[in-house]
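Presented below, as C-alpha cells, is a lone chain in the form predicted on its own.
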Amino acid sequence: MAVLPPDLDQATFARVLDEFRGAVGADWVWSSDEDLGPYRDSFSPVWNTDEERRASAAVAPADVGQVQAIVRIAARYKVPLYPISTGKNFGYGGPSPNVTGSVVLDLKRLNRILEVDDKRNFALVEPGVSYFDLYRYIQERGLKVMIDCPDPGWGSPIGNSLERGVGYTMPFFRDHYGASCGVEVVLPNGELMRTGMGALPGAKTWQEYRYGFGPDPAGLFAQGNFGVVTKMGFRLMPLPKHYRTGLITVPKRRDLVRLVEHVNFLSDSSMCGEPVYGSPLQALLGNPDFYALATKPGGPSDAEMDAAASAAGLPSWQVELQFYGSEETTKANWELAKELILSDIPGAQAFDGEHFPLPATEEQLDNTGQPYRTAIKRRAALGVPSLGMWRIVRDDGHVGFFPVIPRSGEAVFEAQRVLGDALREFPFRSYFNATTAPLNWHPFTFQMVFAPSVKKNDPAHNETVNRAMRKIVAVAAEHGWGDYRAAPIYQDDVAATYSFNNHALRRFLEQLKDAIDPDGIIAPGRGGIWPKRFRK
C-alpha cells in the first residue's frame, strides 16, 4: 500500500528519491512495500487500519555530510523526515513515523564508536552504535568501565537516551538521558550544531561538562523534533570490583510504606543500585477467591490482604537490593540495609543473595542455582546487553503505558486502586491489583506498568487495547500521573495531559518549532509538537 509524502504528487516524489540516491547511493534508498516492511510498527494495535502510520520511503546516510544533504533536499521539497537510530523502539512505535508519508531517516550506518575513556569514564558514539557494539568495544580493549544498558541490547545508546530510556545499575547511570553529555545535531536547515562544551572549537571536556556557556538546548532533542542527533556523549560507570544482592521481605501490606522510605534512603545515598520490588502474593492470583479479593472494586482492605498473606504463609512484599563497589563496601551497605529495615519493621526478614568479584562468570550472569528466582535482569544489572527481554513478549507484541508516580508506598496503593478500577470494563484488570509492585527504573520516582499484548489477526482485541490505552492515559493524568514515553499514535493524548496554564509548555515548544522548522521537516508531531504546517 504505497503512500506519498504530504502535499506531493508521484512525479515530484520520484525526483526527491532520485536526489536522495544521488546523495547516499542507490542501494541506500528504499520505497517498495517489501523494503518498507521493517519500517512499520510491528507491535501496533492499529496494524492495517487507517490509523496506522506508514512511511513513504527510507534513506540511510553513511556520515554527517550525507545527513545534512538529505535534510536540505527534504527542506526544498517540504518532505517530512523521521529520524531513527537502530529502529528498535518496540512497544513505543518502533521505527514508524508520526505522519504517514514521512521518509524514515535511518541512521544505522552512522555506527562509529568515536572514543571511550576508562580514566575519565565516558564514551562518544554515533546513533547507529548499539549497546552490543559498545559492550564488545569495551571488552575487546579490556577497558575498566561498565555500560548501563536496557533490555534488549540491540538498541542504540543515543536512541534509548533520546526516548529517556532506563537501565538497571546505579541511580545516576540508569537514567540514560541524565547520564548523557554533549550532543551534535543537524538542524532543520541542514546546519550542524554542537551543544555544551562542543560549541567551543577544540574543547577538551565535551563529554564531561554538559552545559558550556549560556542556555543549554540539549534537552530539546530528547523526545523532540528540533534536529537530527548525529553524535552524543555518555558518562560511563567505572567497573566495580564486586557485586552483591540481598532480599528483604515484610509481612504486612502497610509495611510497604516504611520499606520504600528506607530503600529511598539507600538509593539516594548511592549505597545501592536499582531496587526491584515484588509481592510474593502474586503467586496466589491463580486462585479464584484470592483473584477476586486482589481485584476488588476500590481495592481490598489492609486487614483482608494481611489475612490472605498469613493464611498462605507468605510475606506481603519483597525488595531485592543490589550493591556495587569493593567486597567490603558492598557488605557494609547490605549490613546497613538490614539494620535499618529489620529494626524498624516487625517481622521483616533478610536473605543474603550472591556476591562475587567482577567481571562476572557466565554462570553468574545467568543467575543459576539461586534459592529464589530474582526479579533483576541479571545481565543488564551487570552491564551485559542481551536479547532476554524477548522471552516476555506475548502474542504479536505489546504497547506500553508507564505512568510516573511518587516514590512512596501510599502512591502505590492509590495507583493500584485507581488504575485497577479504570480498567474494569476491559479484560486487563489484573494489571493493577493489590499485589502490583512498582518499578524504580528512574532513580527518584516509581512507575507502574500497563503493557497489553497486540494481535495482528484480531482487530477486535486490538481495538479494545487501543481504547484501554487512551482511557488509562486520561485517568492517570486526572490523578497527577503522567506517562513518560509513548508510541506516535498516543503522543498527542499524552502531550495533551501536560496542560498546566492552558498548555503553556506545548505552546512554548510550538513557538520554537515554528521559528526553526515551520514546514515540519524533522519529525512533525513527535512528542506532541506540531509546526504551523501540520497543526490543524
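In case it trips you up, residue 1 is the first one in the sequence shown, and so on. What you are looking at is a predicted structure, and each value in this text was computed from that prediction instead of being measured.
Below, we refer to the form predicted together with another copy of the chain, which is not included among the displayed structures.
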### Query
Among 297, 288, 238, 142, which has any heavy atom within 4.5 Å of another copy of the chain in the predicted bound form?
238
### Summary
Heavy atom within 4.5 Å of another copy of the chain in the predicted bound form, from candidates 75, 222, 113, 449, belongs to 222
#### Entry: 4.5 angstroms heavy atom contact with another copy of the chain in the predicted bound form for residue 154
no
### Task
State yes or no: in the predicted bound form, is some non-hydrogen atom of residue 31 no more than 4.5 angstroms from a non-hydrogen atom of another copy of the chain?
no
#### Entry: Distance check, residue 14 to another copy of the chain in the predicted bound form, heavy atom within 4.5 Å
no
### Task
Check whether residue 527 has any heavy atom within 4.5 Å of a heavy atom of another copy of the chain in the predicted bound form, and answer yes or no.
yes
### Query
Among 492 to 500, 463 to 471, 38 to 46, 52 to 60, which stretch sits within 4.5 Å of another copy of the chain in the predicted bound form, heavy atoms only?
492 to 500
### Query
Is any part of 252 to 270 within 4.5 angstroms of another copy of the chain in the predicted bound form by a non-hydrogen atom, and which residues would that be?
261, 264, 265, 268, 269, 270
